[in-house]
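A single chain comes next, written as structure tokens; it is the form predicted alone.
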């Protein structure tokens, strides 16, 4: 008899940002699969077991979780942020799509969470107040040429752009290249928000103009939000600036 498979997100890392639905799933599940640091955010009981794996082993992790659920266990696959945004929900669906027929009978429950761009946006105001998109700068699963094409289209379309996976030891150059490309389509004054570990004790938030945006400000724990031509910055005496994108649009092109 097939069991149940929950796919949840822990939010950006602040325990208060984990949803009640996700907490209820954690209480119900008996076996947990996930990247070790994400599993460390959970307070598990002695009767609950964890199977930690490397962050680059998503499909293997999904397959192991589905095998456990197919044997009747109540399983929880744990992501950071929202599991449906560059995370484990897609890997689980892909594994089901390419796996044995019995995996399709598993009771699959994917629960939404708070993704990094929402937490970062809330820290500075409302930069996602109008149309926006999210793009991963990782070229592990798609070519860099595709990333450049999407960045260009987003800038020309007037979208605010949230960048995930902006930089890593293996990819130290890609965020800088993205900034170079976007400077050809957006004013240098467009605000760029660097949001590292939003909501956690090691949080670091900064806002820089695109013309001077320093890629070295980011690491893999950073979500970068690049404003549109309509994004505004409100200066305040003695308090952090507010960054927001108006709810209306004049329809101007990105360049």
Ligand SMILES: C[S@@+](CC[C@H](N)C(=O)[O-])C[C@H]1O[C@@H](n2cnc3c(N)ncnc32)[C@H](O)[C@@H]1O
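Positions refer to the first chain, counted from 1. Predicted model, so just to flag it, every value in this text is computed and none were measured.
Only in words, not in the display: the form predicted in complex with this ligand, which the text now covers.
A heavy atom within 4.5 Å of this ligand in the model of the complex is found for exactly one of 75, 120, 160, 175: 120. Residue in contact with this ligand in the model of the complex (any heavy atom within 4.5 Å), chosen from 64, 210, 215, 197: 197. You can rule out all but one of 182 to 190, 44 to 52, 22 to 30, 222 to 230: in the model of the complex, only 222 to 230 has residues with a heavy atom within 4.5 Å of this ligand. A residue is said to contact a partner when one of its heavy atoms sits within 4.5 Å of a partner heavy atom; residue 151 fails this definition for this ligand in the model of the complex, lying far away. Taking non-hydrogen atoms only, residue 92 never approaches this ligand to within 4.5 angstroms in the model of the complex. In the model of the complex, none of the heavy atoms of residue 132 sits within 4.5 Å of a heavy atom of this ligand.
Using a 4.5 Å cutoff between non-hydrogen atoms, residue 103 does not count as a contact of this ligand in the model of the complex.
Taking this ligand as it sits in the model of the complex, the stretch 160 to 175 comes within 4.5 angstroms of it through a non-hydrogen atom at 163, 164, 165, 166.
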